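Below you will find one chain, with nothing else, as structure tokens; this is the form predicted on its own, and questions on how it binds or moves follow later.
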């Protein structure tokens, strides 16, 4: 795994980002990823009960990570969050200098984030969005293919198709995401022109992550068809095929054009029961299609050993 403009700019050894996932991107996981040489990414909900003060919680969780690592880490920001400005200010006060933004236009807060001295990485699902993000001054983009977990792009473009088109359309670095869980995915992303990868499900299925053991076991047991996309054409959302997920699929759940309806049925509040409590009857679990490639629960260090050693081995075979 060679250094790339992504790893150089972020001050990390390997161009590997851990996705900022609701509830389970806890300080121990974030610190473990950063200590292993990647970029750990906090989600403001991680480690706290619903209904608390998100701004106060973010202050606390950032300080917790800072006690566990001296390495760089970032914070993910859901741009439509009602307290987004206060969350950005809180992160800046705590010395955060890497922001991953998603769920809204980069025109909204990229300027404010950069005024605080942050490197801004924006998640996109189409070439058009990538060009728009570059025009708004973001430093990098994460090109998220349809294979990834959670809310997906309505155009449903796969990672294999999306990444090279984005790479050919903009000048800033591109990070590939969606269905990448091991060295094979990393090498494939590099071959497509990406300068780094983001992984979510692979890091959920680690010993350091606080996701429930029932969820981890279900992920390991998943096969290639172990996830399902619900939410209709407007809000396609990939979740683990367990319990409530099957009811949603069978009922043809389609939230239409109403964001509030999607939030109620498929938003992050609905994920907590599955992520934290292992309850798939009342909760859902955002999970990428790459879960079918995850066969065991590893430590974060073991994930990185596979990435590094496997990438070197594959590179030799390809020469």
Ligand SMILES: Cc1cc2nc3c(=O)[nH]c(=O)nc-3n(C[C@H](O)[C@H](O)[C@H](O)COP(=O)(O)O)c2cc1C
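In this text the structure is predicted, and so the values were computed from the model without any measurement. Residue numbers count along the first chain shown, from 1.
Same protein, other form: the form predicted in complex with this ligand, not shown, and the subject of what follows.
Although the partner is absent here, residue 73 lies well away from this ligand in the model of the complex, with no heavy atom inside 4.5 Å.
Contact annotation: residue 10 falls outside 4.5 Å of this ligand in the model of the complex, judged by heavy atom distances. Looking at residue 300, you'd find every heavy atom of it more than 4.5 angstroms from this ligand in the model of the complex. With a 4.5 Å cutoff on heavy atoms, residue 123 counts as touching this ligand in the model of the complex.
With this ligand omitted here, the record of contacts in the model of the complex names 143 to 151 of 85 to 93, 143 to 151, 108 to 116, 185 to 193, defined by a heavy atom within 4.5 Å. Here is the short version: of 239, 180, 130, 174, the single residue with a heavy atom within 4.5 Å of this ligand in the model of the complex is 180. Distance criterion of 4.5 Å from any heavy atom to this ligand in the model of the complex singles out 199 from the list 138, 199, 98, 245.
At a distance of at most 4.5 angstroms from this ligand in the model of the complex, all three residues 19, 102 and 215 contribute at least one non-hydrogen atom. Interface residues of 56 to 75, taken as those with a heavy atom within 4.5 Å of this ligand in the model of the complex (partner not displayed), are absent.
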